[in-house]
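Take a look at this single chain, the form predicted on its own, given in structure tokens.
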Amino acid sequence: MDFIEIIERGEAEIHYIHPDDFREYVRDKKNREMKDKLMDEREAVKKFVSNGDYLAYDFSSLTRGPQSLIREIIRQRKKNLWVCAKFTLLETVLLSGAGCVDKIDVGFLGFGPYIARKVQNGEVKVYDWSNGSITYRLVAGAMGIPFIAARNLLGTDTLKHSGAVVVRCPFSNTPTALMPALNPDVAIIHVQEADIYGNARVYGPTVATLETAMASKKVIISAERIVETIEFRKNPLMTTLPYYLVDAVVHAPFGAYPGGTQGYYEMDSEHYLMLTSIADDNAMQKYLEEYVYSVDNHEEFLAKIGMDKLKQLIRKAEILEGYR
């Protein structure tokens, strides 16, 4: 009998669910009814995000990141989260500052001195993957296979700090990295348009929106606009997420702020730079108190930012669109 030769193993702890167990969850517990799933962010997070969950989100705080849902997770003081972050910029900085996250599977670690100090002090464990590797793992989770083979980690020190395994390929006899499938407990995704049932459209850049939703047990989407279902039926090829993958729909205009959303508004660079300059716990707690804990919801947060600022970001997006 031939065996696959294991050449090297990464050292990282991995979040792993047997594909048959995930399939059983989807079959027995996933509600695929076409029912009204519209709710506010407080209800969605309370109902679908639990302490200790493995949390994935789509894209980043620069563009179409689910920032209003991140703030609500912090507001509800969720604990012991393990975060999958293809592009972790502000999200994990804030989650770390609020004491919500213990572990991060990271492709790119956040900006600024604050998150660096958290990692160096051992307050947050970081397992090093590339952006592509995390995406591959989500693709495997969406496909229902136990692992996926790739070569992008080979020849790098990243592999040593990941949970990948290097084997000798039985077909080519060359080293190949095997990465375990990833099935998050919950995914949070910001989109441009959705209906009340969870059909959703994403315009512009993305990474693995559909695969992240397919791989996750529970999916919360926030949307800039809620549109009638007939709009999806008129042009079904434009549907990025079908309703049966989604558990909750949150109407969140400017839901990606301080990042931008293509076609709607640009990022607020001043607010973003303010966040990246946070260096210690005092500054972080001051920010969280002002912009998260002291407001009850996303609408109050936007009121604090001010309509003048939001209109400026809309206008900036319109100007940039005119140049394209």
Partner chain sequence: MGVEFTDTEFMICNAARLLEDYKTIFVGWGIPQVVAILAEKLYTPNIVQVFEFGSVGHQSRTPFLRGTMGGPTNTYRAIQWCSMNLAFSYAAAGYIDYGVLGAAQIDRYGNINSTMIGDDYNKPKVRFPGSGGGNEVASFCWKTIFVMAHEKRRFVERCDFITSPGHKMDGKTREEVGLARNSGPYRLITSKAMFDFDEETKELRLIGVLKGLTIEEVIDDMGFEPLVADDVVELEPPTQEELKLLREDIDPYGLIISKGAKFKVEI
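Residue numbers count along the first chain shown, from 1. Because the structure is predicted, anything quoted here is derived from the model rather than measured.
Only in words, not in the display: the form predicted in complex with the partner chain, which the text now covers.
Participant: Spell it out for me: taking the partner chain in the predicted bound form, does every residue among Glu24, Gly144 and Asn152 have a heavy atom no farther than 4.5 Å from it?
Facilitator: Spot residues vs the partner chain: full contact, yes.
Participant: Heavy atoms within 4.5 Å of the partner chain in the predicted bound form: which stretch in 220-228, 67-75, 91-99, 173-181 meets that?
Facilitator: Single hit among the candidates: 173-181.
Participant: By the heavy atom within 4.5 Å rule, which residue out of Asp40, Glu299, Asp53, Glu266 makes contact with the partner chain in the predicted bound form?
Facilitator: It is Glu266 that has a heavy atom within 4.5 Å of the partner.
Participant: I need to confirm a contact call. Of Val83, Ala252, Met214, Val249, which residue comes within 4.5 Å of the partner chain in the predicted bound form, counting heavy atoms only?
Facilitator: For this set of options, the contacting one is Met214.
Participant: With the partner left out here, check for me: in the predicted bound form, does some heavy atom of Val295 sit within 4.5 Å of the partner chain?
Facilitator: No, Val295 sits far enough from the partner chain in the predicted bound form that none of its heavy atoms falls within 4.5 Å.
Participant: Tyr257 versus the partner chain, in the predicted bound form: is there a non-hydrogen atom within 4.5 Å?
Facilitator: Because no heavy atom of Tyr257 falls inside 4.5 Å of the partner chain in the predicted bound form, the answer is no.
Participant: Contact with the partner chain in the predicted bound form for Leu62, defined as at least one heavy atom pair within 4.5 Å: yes or no?
Facilitator: Leu62: yes, in contact with the partner chain in the predicted bound form.
Participant: Does Val126 reach the partner chain in the predicted bound form, with heavy atoms at most 4.5 Å apart?
Facilitator: Because a heavy atom of Val126 falls inside 4.5 Å of the partner chain in the predicted bound form, the answer is yes.
Participant: Hey, which residues along 158-182 are within 4.5 angstroms of the partner chain in the predicted bound form, non-hydrogen atoms only?
Facilitator: The stretch 158-182, when checked against the partner chain in the predicted bound form, contributes Thr158, Lys160, His161, Thr174, Pro175 at the 4.5 Å heavy-atom cut-off.
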